[in-house]
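Same chain, two forms, each on its own as structure tokens: structure 1, then structure 2.
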Structure 1
């Protein structure tokens, strides 16, 4: 083949993207085919709309941003909601869902983020951490779970191979359902798509919000329906402290008076006004997340009558959502309900004059991504559940500093210390309240604090000790 298909040439011309074929004649047949296949997959009409959209500025008047109602409101209701959640789990109506399609650029790890060694002493990879929790939940509630994992073209092969090489961490391979999210081309300042290679358009995964679309397009929603799964427990791959299924949260989501059962969110109080997490809030009677960069620093720093941040509900990427709601949002895959946001990033590209690969030092391109939390205001109503940072949020995002393996290890040991203390063990802490030993608790030993009541524990744990339970 020496000429590209006429239909492709016409489409590219009409869209001002014909430069994507600049190197076509120099490619071998296989490369030509691969480029044509990729071009056929791109939804140029959708891209035209995205390229034409104005940069999304948040138009919310800051006066109208109110804190959300925080659940659970009454501690005496906990047991009732927990029981409802346990019933849902036992009946096989809830599935864990991990979004693992991201590029993980900040961490700089060569491989899927889920393969990153995350735990304090044994360095278990994130995927194993979740798999072992799933196994523990299955045996506790006498149920077989299906675990849905979203990958992207960047890491799909490697992720599947990692599971195969690790014997699916003891799960039956049938229980683990992988599917890929979509990708969107990156564009330069003139709205022209970039070539990552002479035979490959530069694309990026379409954001964690793309997971909702991918659940539909991949057939996973139908797969869930066929298994009687009604609710999805959504979490991100980079948080080793997440409770993959949380009975209390599930119970609140399906049964709390103000919950539509469509989508609910977990929050933790922000550490300080500048912490880089989105904020769950109410705007015009609807719950939604406002990104930290969209909130005026003065408003972010406002305090209430108790001296706490007024807008303190930090969003941690943990949601419950119903299969029905995701079906509703994705009914027309060509007109996805969530907006795409633009982000300016460094994207390596082939220079059209020299044919050489350029590694830009400054952001040179726009990527389009959907955010899962944009689904929240589309629900009839949506509740926010407050949890404790050390109990469930220790993300690994950066190679060092904040949200790094080091900070995550500290939080993991801190949580283990808390659980041990609740069971009567004395644990040394420093002046800032951090545990001064390194403690790792296996999911087969405990998946929540109360489980340690029946475990033989040391009386005390001293400075610098390493304890694996």
Structure 2
């Protein structure tokens, strides 16, 4: 029987976590090596700080929350900002960054969420949707882009294999940089880390805010610097309508008078006070996101002089951020600038007495996660740019109902209908204004409405028709 390394034993004892080796003697050699490797990767100093922190509820008074300054969809001098963004893209100074650490479990999909078939007619996976946009942008601006993709330990191998099997969707494999999201151990009520298996500590992803830390730890920030990349276009994998690089948004981010060029955010007007999206606000002179559940329903329902919700700026997880700003936030990985939030969840664990796996019926553990929007108030200043829901937000999160493939397909067709109408085509709509046909527009055909001006289009599209352009 081999003994665990003395350094590991000492570390666990100093942290009060020596129970993680309770089953070590019963493991085979491979399992022992696996457990030791995992323990060596845990940042125990960081975990000691997290376990020792008190859980404070958000103390922000809702009376102090004010609407942010919002740049409209077509701001004054918008062509100048767009031209600035185009030049940034042409110069290779902007990179798309996709947060893709999730599985498609809620969708009933066995695999990385980015592999989920997302488009209306052809069922292209989300990764292909973004890749084809990148190819179209490269062709338009005569540039080679680098695409950064954050995976997670649970889907990294499958994601890489998916790209390989699909020939990287026409991209050079060297253009696609994968790196993994960090994980953190889950703890019980006594601050002890749980075992998910006798040879495996129970861990959870460190949240979308951890994507910034992962950029640093993986060496991706250095990779960006070496390639002259200055700005990062951040978006999440589940939204097939996102513009992976938006020239106008890029230009506003780097050149608007209210922007520090550190981090900027897109928003859409909330449908109603109860819509479950975070709200971009101003608190004490700083832009920040407050979760919808943390705002008093009465205040959330307040309207302005135009009859719109006073706090209407729904956050959709699309940001521009500078490489320099992310470097600043992650300069000391052991003291990450973003706070970690606590969430009480049900976490299966190995009972230390019986050695059996327990499936808890009630929340039994604390997980730690960081939120990317907590970076916003750390900037010198930050702007909010309004986009249109049908233009850029049709997430696929649930198997049915809101934010499902069905609702996303309708919004995708609605956007295609808008683009066609702008080009002079007649499109049938129902009483609620939704397009009644199924329309899909390939990125090679158009990545924005104006691209259809030079495309041969039908004069009209009838009810129930399927159209692929």
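What we label the rigid core is the largest C-alpha set whose atoms superpose within 1.5 Å from one form to the other. Numbering follows the first chain given and starts at 1. Just so it is clear, the structure is predicted and the values come from calculations on it, not from any experiment.
- Note that the form predicted alone is the one shown as structure 2, not structure 1.
- Relative to the superposed rigid core, residue 10 undergoes a CA displacement of at least 2 Å between structure 1 and structure 2.
- Core-superposed comparison between structure 1 and structure 2: the CA of residue 461 stays below a 2 Å shift.
- Once you line up the core between structure 1 and structure 2, the Cα of residue 102 ends up 2 Å or more from where it was.
- Superposing the two forms on their core, we find that the Cα atom of residue 73 is displaced by 8.1 Å between structure 1 and structure 2.
- The Cα position of residue 344 changes by 2.8 Å between structure 1 and structure 2 once both are aligned on the rigid core.
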